[in-house]
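Coming up is one lone chain in structure tokens, specifically the form predicted on its own.
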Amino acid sequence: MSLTRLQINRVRNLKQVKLQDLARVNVFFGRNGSGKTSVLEAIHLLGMARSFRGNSVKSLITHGETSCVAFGMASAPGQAGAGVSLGVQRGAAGEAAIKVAGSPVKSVARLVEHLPLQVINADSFELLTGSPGARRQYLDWGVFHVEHRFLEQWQRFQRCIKQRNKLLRHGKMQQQELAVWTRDLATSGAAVGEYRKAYFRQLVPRFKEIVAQLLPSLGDGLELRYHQGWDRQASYEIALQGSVSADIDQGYTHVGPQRADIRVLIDGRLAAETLSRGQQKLVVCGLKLAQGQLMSEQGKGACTYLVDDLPSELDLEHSRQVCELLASMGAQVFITCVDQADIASVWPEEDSGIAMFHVEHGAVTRLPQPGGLLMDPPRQDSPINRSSIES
């Protein structure tokens, strides 16, 4: 799916922005603090019901306002009609209202299905330097989009481990009740682990192929290693049985998918400890691009890439290589930079599907292109100006 229309209201310094006829590649340029990244945040809000910069909803909302809204139209290539409308409103207290095709929905998963997003920004380094939680989230994003049975088992696992840990913390538990939750946890946890492993096996060769283009100097020393969260020689049921004493003593479940991790190694050492900052960014790009490529190959459609300040920490040649890979995937891209030449000079010349937007003081203006028209300014009676999401 790709966005054809985007309306933003009260997202940071973007009080009201209306963008139509979005291209496959959309470049937003302007000075720091102008609102470029906020455009990407608004798209992320539309696809994930939250920002990619921290968990505070209040900071996302324009100062002095009580809510923010993102509305858009998403359509698949070759799809007849206007596509599917998506809308998200977040209040300062954290409340959320989500609509898909004009109907309220409770699950963020419905948004993710229609607008799968990949973010490449400064925080993406956490895939290498951050906690295992960031890497599990990365892995689960991919599994969710290629294996429709995964979400149900993941949700079941989350419920089971929550209840089991609650019993373990209680102290005076009924052994029979603990056994029931342990049995259900073993079943769902094993399923989650198998789905992750199957996806990881498909991801590795695509990741290595992409990084070989971006960083050929790494050669055969590059390794992507997956740890499932318990001894790989044992079933999850056996692993739980072996840890039950420690679980009871310390009041939580020690083994399982909640302890899974992915590590990128160079000659047996962590990439985060070996590579330069620029090399790390290329490895992160490889991880993100590999997921998009695999999703497309599996016939699950293309994801949309939000790329914030690509030229940062990359030289001209490596920026060009990343752009060539993005262009070859045919995915929709929203990318920011300070000067429009930063991207215009590295994006493949033969690719004509590029739209340029100048961002200044929260206003977004589309530049005229040959055969195109200047983007109309937002109307004051735009539906996005209402307090509720457009149906």
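Note that residue numbering follows the sequence shown and begins at 1. Predicted, not measured: the structure shown is a model, and the values here were computed from it.
This protein has a second form, the form predicted together with a small molecule, left out of what is shown; the following refers to that one.
- Segments offered: 51-59, 66-74, 318-326, 342-350. Contacting the small molecule in the model of the complex at heavy atom distances within 4.5 Å is 51-59.
- Taking the partner from the other structure, the small molecule in the model of the complex has no heavy atom within 4.5 Å of any heavy atom of Gln332.
- Contact annotation: Thr37 falls within 4.5 Å of the small molecule in the model of the complex, judged by heavy atom distances.
- Taking non-hydrogen atoms only, Lys18 never approaches the small molecule to within 4.5 angstroms in the model of the complex.
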